[in-house]
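The chain below stands alone and is given in structure tokens; this is the form predicted alone.
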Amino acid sequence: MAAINPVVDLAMDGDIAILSVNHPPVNALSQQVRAGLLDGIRRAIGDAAVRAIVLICDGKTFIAGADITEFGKPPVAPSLAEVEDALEGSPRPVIAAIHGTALGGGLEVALCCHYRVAVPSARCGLPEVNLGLLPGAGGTQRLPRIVGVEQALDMVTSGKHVDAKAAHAAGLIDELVAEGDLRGGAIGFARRVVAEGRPLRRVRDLDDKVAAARGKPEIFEAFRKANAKKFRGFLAPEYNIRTIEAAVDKPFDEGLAIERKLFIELMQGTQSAAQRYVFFAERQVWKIPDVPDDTPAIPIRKVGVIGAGTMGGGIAMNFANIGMPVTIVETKQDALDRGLGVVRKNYERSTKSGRLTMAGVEQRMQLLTGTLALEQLADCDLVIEAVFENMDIKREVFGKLDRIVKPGAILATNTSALDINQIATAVQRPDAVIGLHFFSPANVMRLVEVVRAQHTSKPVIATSMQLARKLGKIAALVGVCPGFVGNRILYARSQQASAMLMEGAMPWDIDQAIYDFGLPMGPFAMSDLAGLDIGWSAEKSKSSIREVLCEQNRRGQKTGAGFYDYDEQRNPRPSPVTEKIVKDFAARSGQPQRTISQQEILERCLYAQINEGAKILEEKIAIRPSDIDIVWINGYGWPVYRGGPMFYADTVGLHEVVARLEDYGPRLGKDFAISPLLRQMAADGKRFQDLK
């Protein structure tokens, strides 16, 4: 026996057939792999000398899932179901030998084998929910039959990976074999199966673990209730739950039919299209047309952070988490002590959830050095400024850094909106200046806007992007403009929200519409969370609604009142005080008052964001529409199942977006203008996804 096709091979070890897959990088179940597997299993079955079959993969992993590039395309034979039927129906025992990861379709294939062995480092999972899908090749019907209903529910709705030891304890893996000898261990196991005359154990025929949940709908209702917040707005988790219910209540083939029906519904729906789009967008965002992959990077071994406040401390934690020493500079000892104390408390909080040990806390804290002397940053490879959002202060800091920090180091600012080109004029090396806009809390939020200034060098850009990846962040390269990408679009929404307050809407009306759309909170609840007094000065108060609230010490959640009133647990409720303030301002504006529908609230807020995104693309502040979506999903909580504002615009239709903005006309504000790019694309019947 020999190669069946370029990616699948069939060989013999005595009377054991070895069916191996070698399809880099992850042995995905492409048409070529499926055809090779089907042909291989048939050949092995047709050879009278074969007593058992081992399915194994070359490279770093077992089959790590379906070939996602085939999604949405016409199916090409053989189907995965044909391969699974051949494996499960084999008259000779088939043993899956797992290393790396067995994910999605890969685990479904393994579940169709009669036995499974794995090395201890292997992991198994059904992550389809992360693409807005459910396992569509029998995974939801076989998994609960082997691990039980509760664990199956957890795995299919979270998409999380289970390590081999836990999988073995659950019955998913039959035997753990030596880490360095998967092939030998699998062949040895196969010989024992043959010698002991073990039965052909078909997972589809197992019933005891699903029978234990039969007639107990409360298991599913309790699971739904416990995860309601996490699953809010998503279809795929609920569909996954329904398929597990079918596995409990229906015969195998009926459950399989239900799984298939629900899979197709999800595959053809907008949510899965959005989540698959985001999957690719998260990979595309790292590609910068004029900064090649081979651009030399600057070695970063030591980092300086200026400012020990919320942002500075959070940024420092990111570097300590990857074992990098950080020097934190403050102007006063009490501020430095307070900042380091907050960092320690944040780390210690992680010990309560088991994410970190106390030894891990101490290890990280030892990497953080506090000082009042800016000169201590002289030997840093990267310095990140996180001081008060004031241009004069930032320019003063950068001027000092220019004289202190060694040549070749990167000088970064964490500004969220200020002109980095202007900041860069304070130094003699503007090519070293870049924006690294972390989002608060910086140790938690996934996004970093990497802001390219006029003179930023390509090595500085490449290093910053690579560093963000090492920190476990997702980075989007953007250009300089007020607010960059994220906050500029946020401001467009805020303008519409504020305008509608003058027309008859209340803050909670607007927040509810945004929340119901899928974001974690609306603009006014978000302001209360951040603190209404950010940037506010009693001496310079101009008596806007926000400033009147601040003057009354209603400064957000921290004072127990802002736009909302808050109880001891910080639960919000509409405030009659705020309502009166809003109505007084509206009356003075002279605008007619009316009831504003949820549809209008949504359209004015969201379509204004889309319009601003189109302007950002016109100005080449963002490289591509999907980068804007990545910023808003990871920095502002835009629901992933809606794909980001630019993808959402495509689902609505750009012609509809323009038509509705024109209908709202003067209400959008005297300075509002529809983007020429948006208008032209709408007229041409194009989508943002068509922009390359």
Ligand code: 3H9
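Residue numbers run from 1 along the displayed sequence. Keep in mind that this is a model prediction, so the values were computed, not measured.
A second form of this protein, the form predicted in complex with the ligand, is not displayed here; the remarks below concern that form.
- Although the partner is absent here, Leu134 is a contact residue: one of its heavy atoms lies within 4.5 angstroms of the ligand in the predicted complex.
- At least one heavy atom of Lys60 is located within 4.5 Å of the ligand in the predicted complex.
- None of the heavy atoms of Pro639 is located within 4.5 Å of the ligand in the predicted complex.
- Using a 4.5 angstroms limit between non-hydrogen atoms, Val50 is distant from the ligand in the predicted complex.
- With the partner removed from view, the residue among Asp511, Glu128, Glu612, Asp528 that has a non-hydrogen atom within 4.5 Å of the ligand in the predicted complex turns out to be Glu128.
- Proximity to the ligand in the predicted complex, taken as a non-hydrogen atom within 4.5 angstroms, holds for one residue of Ile68, Ile45, Ala659, Val652, which is Ile68.
- You can rule out all but one of 69-77, 230-238, 203-211, 459-467: in the predicted complex, only 69-77 has residues with a heavy atom within 4.5 Å of the ligand.
- Along 94-124, residues Thr101, Leu103, Gly104, Gly105, Glu108 each place a heavy atom within 4.5 Å of the ligand in the predicted complex.
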